[in-house]
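Structure 1 and structure 2, given next as structure tokens, are two forms of the same protein chain, each shown alone.
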Structure 1
Amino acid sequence: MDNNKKKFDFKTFAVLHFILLLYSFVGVFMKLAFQNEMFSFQFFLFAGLAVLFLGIYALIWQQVLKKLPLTVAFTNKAICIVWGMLWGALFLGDQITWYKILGSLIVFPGVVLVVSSNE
């Protein structure tokens, strides 16, 4: 792969991080859906938003992969670990503990090693 020779493609990275941000909200919407009575209006509203965000993410992700190596895309995807903790703490009262941060710090290099091992 000669992707290293290419100039840093700012636009693709901006799009990638925009859809990763959307993706990070899917879990939040799923959780919010079940905080309402099952099959109530709010339940379907949040479940619908989860599916919508996931759909937009999946469609654009396919396009981003045409412009970026899989390794780079998946490594950047690990940012969702940070977003997940942030949204959990901000919107749902999840606690951020030292061992959650430590666990994330161990998972991250693991993901990078696995995705880069296919090159």
Structure 2
Amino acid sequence: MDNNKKKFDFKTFAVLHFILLLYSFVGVFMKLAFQNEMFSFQFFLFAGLAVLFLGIYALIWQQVLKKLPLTVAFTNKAICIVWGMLWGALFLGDQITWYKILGSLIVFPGVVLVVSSNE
């Protein structure tokens, strides 16, 4: 096996997408934090959740990179576009437009291409 290629399994891929799901909530938490008065309990609650999720993400991200090539792991971060759009609609009342859906759909072939080209 080439030293530059790392083998990965379904479990590692599932962990990657779990932490990307956590990462996608950071934007929601920060928007919720800044919708409240600065230095209020709600501000610190949501900002603290954002920092907590970023910390968990960072720790597990490093472990995932031991098993996945950086190009594969980083390319999969594009899924956060879809998660962010969904969370914005569910928790923040954002509109999901056809342009947003089309843009998200354009991301997926790129992810598939990068992931499949590394096998």
Partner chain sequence: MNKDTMVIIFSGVFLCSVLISSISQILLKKSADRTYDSRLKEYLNPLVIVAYIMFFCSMMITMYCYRYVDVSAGPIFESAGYVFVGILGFIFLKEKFTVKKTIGMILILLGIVVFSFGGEIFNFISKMFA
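In this text, the rigid core denotes the largest set of C-alpha atoms whose superposition between the two forms falls within 1.5 Å. In this text, all values refer to a predicted model and were calculated from it rather than measured experimentally. Please note that residue numbering is based on structure 1, beginning with 1 at the start of its sequence.
S.K.: Here are two forms of the same chain; which is the form predicted on its own?
M.R.: Structure 2, which is the form predicted on its own, differs in this respect from structure 1.
S.K.: Once the core is aligned, does Phe108 move its Cα by at least 2 Å between structures 1 and 2?
M.R.: Phe108: C-alpha displaced by 2 Å or more between structures 1 and 2.
S.K.: What's the distance in angstrom the Cα of Tyr99 travels between structures 1 and 2, core superposed?
M.R.: In the core superposition between structures 1 and 2, the C-alpha of Tyr99 moves 2.8 Å.
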